[in-house]
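The chain that follows stands alone, in the form predicted on its own, written as structure tokens.
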């Protein structure tokens, strides 16, 4: 029987609290691994991915013979490393004659393999091969834009899956408010065919446009490459359903008689009762003294008018 040991040191407790499930999760960390054999292209690419995600990534430089993501027995070591480093994303590079410059990007749920995408890297250009003003270099920790060009990202299953994985990989920390000056880079993905995309990293240059919104220019800073989708594995429906669960505290309560429109925004219905019937049926409980005197005078006046009608006399009204 496995014995559960309760941590006694505060440092261990703080570390366990960081890894515990939260209502609003922080940014995902990425684990970068080398396979049994890698090429110079993959070594450079893995290093540059680590620099692009330096705050939220862990890189292992040793070769891992037991890690084989698409094989049943080769996932154990990968899940162990994911649990050890508390990483929910991983990038694994390997090189062989059958699959040269092979890059595997995957996600984990509860430190178990969730889904996988295997890519072939072609026409790779590193950051050092581009010449540009170093002042335009994107800063570490800045939020990137993502531009997906092509209908394949909406219609082809492989590219739709790759789009989700790339967004998760370079998403970074969750931010509610953005400063325009902090948006200094963009990742551009162009669908060249049903299984091939062109991926590049560009810096944003803000120029005067004569209006409040500046004009933006793209300066390619690298890395740049062609990605060919070789294999991909989607998660099971039961695992996807479990991973997509939302905590009851975060679920929004349904608003009655409210409809949201993309053009007009938030619309609501208001039900008003019949005001004429409401006011006629209302009985005033509080009767002020001035009103009582006026009512008495009005009743006396009506009584005199009725009496004069019988006698035929005209009522004399005093005017001040």
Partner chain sequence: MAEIDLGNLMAFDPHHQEEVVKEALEQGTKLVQAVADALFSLPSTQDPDGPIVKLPAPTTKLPRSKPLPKPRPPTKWEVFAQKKGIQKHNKEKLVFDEQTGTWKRRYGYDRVNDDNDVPIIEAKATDEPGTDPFAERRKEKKSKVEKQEKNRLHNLKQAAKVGALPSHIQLAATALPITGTQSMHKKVSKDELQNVAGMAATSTASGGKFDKKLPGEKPLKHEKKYRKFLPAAEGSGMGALEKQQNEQILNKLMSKNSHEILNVEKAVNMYNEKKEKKQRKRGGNSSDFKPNKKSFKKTPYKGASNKGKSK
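Remember, predicted model here, so these are calculated numbers, not experimental data. Positions refer to the first chain, counted from 1.
Keep in mind that the form predicted together with the partner chain is not shown, yet the notes after this line are about it.
Using a 4.5 angstroms threshold between heavy atoms, residue 19 counts as touching the partner chain in the model of the complex. When contacts are judged by a 4.5 Å heavy atom cut-off, residue 25 counts as touching the partner chain in the model of the complex. Mapping the unseen interface onto this chain, residue 92 falls outside it, with no heavy atom inside 4.5 Å of the partner chain in the model of the complex. Interface membership of residue 190, defined by any non-hydrogen atom within 4.5 Å of the partner chain in the model of the complex, is confirmed. Between the options 245, 208, 84, 135, the residue in contact with the partner chain in the model of the complex by a heavy atom within 4.5 angstroms is 245. Proximity to the partner chain in the model of the complex, taken as a non-hydrogen atom within 4.5 angstroms, holds for one residue of 127, 228, 216, 234, which is 216. Across the options 92 to 100, 69 to 77, 199 to 207, 151 to 159, residues that bring heavy atoms within 4.5 Å of the partner chain in the model of the complex belong to 199 to 207. Applying a 4.5 Å heavy atom cutoff to the partner chain in the model of the complex picks out 107, 108, 109, 110, 111, 114, 123 from 104 to 127, in order along the sequence.
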